[in-house]
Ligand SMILES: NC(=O)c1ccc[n+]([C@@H]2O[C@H](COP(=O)([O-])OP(=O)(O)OC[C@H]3O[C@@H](n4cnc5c(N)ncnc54)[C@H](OP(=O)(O)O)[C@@H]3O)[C@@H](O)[C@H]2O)c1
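As a starting point, one isolated chain is supplied in structure tokens, in the form predicted alone.
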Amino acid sequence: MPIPDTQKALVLPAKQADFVIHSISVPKPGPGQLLVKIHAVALNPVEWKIQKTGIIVHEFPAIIGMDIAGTVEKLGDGVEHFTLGDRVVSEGQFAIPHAGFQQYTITNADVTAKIPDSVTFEQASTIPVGLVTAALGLFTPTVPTGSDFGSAGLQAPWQDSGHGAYAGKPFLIFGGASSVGQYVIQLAKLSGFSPIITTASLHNADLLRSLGATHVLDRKLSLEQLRQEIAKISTGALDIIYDAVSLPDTQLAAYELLAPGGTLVLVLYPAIPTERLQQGKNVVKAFGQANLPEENRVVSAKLFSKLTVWLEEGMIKPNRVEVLPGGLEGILDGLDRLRNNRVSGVKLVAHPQETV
């Protein structure tokens, strides 16, 4: 089927405006890029925050959405290892023409991976933001001086020296049932950490154990109760804690449990009271964007180069999926549900091609 000249897109016309569906041009890929027909796009909490609070995106009209799965429709100059019709997954950007809340998008080939036959478009679309945020927060070797994001700087499991490198060391995750938390668990397992302890609602315990968690603790436990339960599991120092929730109370609890000299990775900006800070405990904020800055792009390219094999071998498992009806229109209800905390243990996914 020929590529159309126009497509449907869910457009944010102005800061904090209501979304509207418009017809816009189908973009053309530049060097090193792919034109992808989007078959599934997954939703993230940051997207309702952009629309309701006006953060991050400052040029309008805008298209957002980052979790993209679809088929390759056109190759830019210099692209290798992809052919027309390939099923692929990639992380978009909050910018026209690279965003996901539309029917066609442009992706950078080096941070795009083929989807194995065993994984659906819907499942694949749950991967990019969650996995990239998890990986960059753990494995980016260096970040630019003065950046407001950072990393634990661990050896990455896609390197021979990093696979299983942390055997016998305990790892703690707050919010293991979140999309990011699920991928943190899996990367911790690939890195050899054990035990892998996570907090979550207990109805998600079986899911999290299937991903690699060895112990699931009730997210409602107090700090002192968490301390007692963790002590029963491991006497090892908690040198790495990943807080995939990063609300003020979880940040403080994680920080108190962190060993001196250890690193706490957050997905939101630090909110630990100044009077509780201790010298030697490191706190960093992950920035889950594969395409930029250059340090992220380099690390993410290595991650995406391994992703197809990891999916084929079941070493990385996608999030559970709930499909939203109504194409791009269905995204509106999905974002409202995310805003009102009415989603647990699944990733909401829309089908842009079903847009009326």
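Don't overthink the numbering: it's just position in the shown sequence, from 1. Just so it is clear, the model here is predicted, and its values are computed rather than measured.
Another form exists, predicted in complex with the ligand; not displayed. Remarks below refer to it.
Next item on the list: Decide open or blocked for this chain: the ligand is absent here, so superimpose its site C-alphas on those in the predicted complex and check whether 3 or more ligand atoms come within 2.4 Å of a backbone or C-beta atom.
Entry: Result: open.
Notebook entry, point to check: Do Lys49 and the ligand share at least one heavy atom pair within 4.5 Å in the predicted complex?
Noted result: Because a heavy atom of Lys49 falls inside 4.5 Å of the ligand in the predicted complex, the answer is yes.
Notebook entry, point to check: Even though the ligand is not shown here, does Leu277 get within 4.5 Å of it in the predicted complex, heavy atoms only?
Noted result: Leu277 lies outside the contact set for the ligand.
Item checked: Any non-hydrogen atom of Val88 within 4.5 angstroms of the ligand in the predicted complex -> No, Val88 sits far enough from the ligand in the predicted complex that none of its heavy atoms falls within 4.5 Å.
Check: Quick one: does Ala271 come within 4.5 Å of the ligand in the predicted complex, counting heavy atoms only?
Finding: No, Ala271 stays farther than 4.5 Å from the ligand in the predicted complex.
Check: in the predicted complex, does each residue in the set Asn44, Ala200 and Ala244 place a non-hydrogen atom within 4.5 angstroms of the ligand?
Finding: Checking in the predicted complex: Asn44, Ala200 and Ala244 are all within 4.5 Å of the ligand.
Checklist line | Listed range touching the ligand, judged in the predicted complex by heavy atoms within 4.5 Å, from 25-33, 284-292, 57-65, 304-312 | finding: Among the listed stretches, the partner-contacting one is 284-292.
Notebook entry, point to check: Which residue among Val267, Leu258, Ile115, Ile106 has a heavy atom within 4.5 angstroms of the ligand in the predicted complex?
Noted result: It is Val267.
Note to self: Within 4.5 Å, heavy atoms only, which of Leu154, Leu187, Val180, Val111 is in contact with the ligand in the predicted complex?
What the structure shows: Filtering the options by heavy-atom distance leaves Val180.
Notebook entry, point to check: in the predicted complex, which residues of 333-348 put a heavy atom within 4.5 Å of the ligand?
Noted result: In sequence order, Leu338, Val343, Ser344, Gly345, Lys347 come within 4.5 Å of the partner.
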